[in-house]
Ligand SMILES: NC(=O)c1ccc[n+]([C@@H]2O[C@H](COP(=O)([O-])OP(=O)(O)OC[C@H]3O[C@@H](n4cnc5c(N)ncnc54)[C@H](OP(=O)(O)O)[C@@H]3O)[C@@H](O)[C@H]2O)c1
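Listed next as structure tokens is one chain, alone, in the form predicted on its own.
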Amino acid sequence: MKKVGFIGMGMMGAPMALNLHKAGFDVTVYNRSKERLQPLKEKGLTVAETLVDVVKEKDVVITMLSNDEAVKEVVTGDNGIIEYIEAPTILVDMSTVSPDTSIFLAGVAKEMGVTMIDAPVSGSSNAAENGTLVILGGGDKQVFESIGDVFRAMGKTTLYFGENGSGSKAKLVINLMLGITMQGISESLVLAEKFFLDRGLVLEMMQQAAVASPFLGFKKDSLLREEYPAAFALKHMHKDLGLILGQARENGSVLPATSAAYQSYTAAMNHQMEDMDMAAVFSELLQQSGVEKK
């Protein structure tokens, strides 16, 4: 069975690594904050003390980090892992980053004789725990398919989109839809509040209508109670919308609804909602509309 090094034990990375372990892979994990590693060690995963330990003599090394800067620092920064990875180890970045970053990192890896795949995921921490993520691939197709067993241990579907950067592009496409969907649900509920309609009934109507989606069901309780334990933190959606708008400026895409949604998430960030679930944008719009919390 393959030896896997996994860097980044956040809300997504930890359950993904655990699912690899459950599937029988030999998994070594690393995280800058060491307190996140103890629960995984207790479940039988090997804990690496250094970046060297997590990448040496592995078949696959996975990074799952918070943003472009974090991934670049781990891969190509001072003492970065690119100095220690040797072919035939395959480097897989599953973070949500700019396509430009994915292409840059793949180029650096290639210069070192290492193949890199970008394989970000669609799905929240619940999907990570349940192994039902959708994995979006970019890079060498043959290499991507060669580690299909690794992806199947973490996800329900694996989709290949093309050359390096394509997986990251696909992730921005689906997250654009996600961010606007949350914005649309929130705006509809704000209007309903101003009409003095019962929020629970309005949510029931949404679930019974043609616009119904599993996503609405996932967020229903949070929207009813205005309580937002993070499945997908608002700060990450804010970051992703920023990446999307940056790409749109480069390629000439006209995304007016995305721009409006980004303003709402920015306002929520300014009101210290960054660590709440992305559904907290509803509370931001309620506040802007002068509706007090129930």
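Note that this is a predicted model, so its numbers are computed, not measured. One-based numbering along the sequence shown.
Separately, the form predicted in complex with the ligand exists; it is not shown, and the next lines address it.
Quick check on this chain: which one of 247, 264, 31, 258 has a heavy atom within 4.5 Å of the ligand in the model of the complex? Selected option: 31.
Sole residue of 109, 74, 176, 150 within 4.5 Å of the ligand in the model of the complex, by heavy atom: After the contact test, the surviving option is 74.
Full three-residue contact with the ligand in the model of the complex, heavy atom 4.5 Å, for 9, 65 and 96: Yes.
Interface segment, criterion being heavy atoms within 4.5 Å of the ligand in the model of the complex, picked from 237 to 245, 41 to 49, 54 to 62, 265 to 273: That would be stretch 237 to 245.
Close approach of residue 101 to the ligand in the model of the complex, 4.5 Å, heavy atom: No, residue 101 stays farther than 4.5 Å from the ligand in the model of the complex.
Using heavy atoms and a 4.5 Å limit, would one call residue 121 a contact residue for the ligand in the model of the complex? Yes, residue 121 lies within 4.5 Å of the ligand in the model of the complex.
So in the model of the complex, is the ligand close enough to residue 158 to count as touching (4.5 Å, heavy atoms)? No.
I'd like to check something about residue 228: if you look in the model of the complex, is any of its heavy atoms closer than or equal to 4.5 Å to a heavy atom of the ligand? Contact check for residue 228: no, nothing within 4.5 Å of the ligand in the model of the complex.
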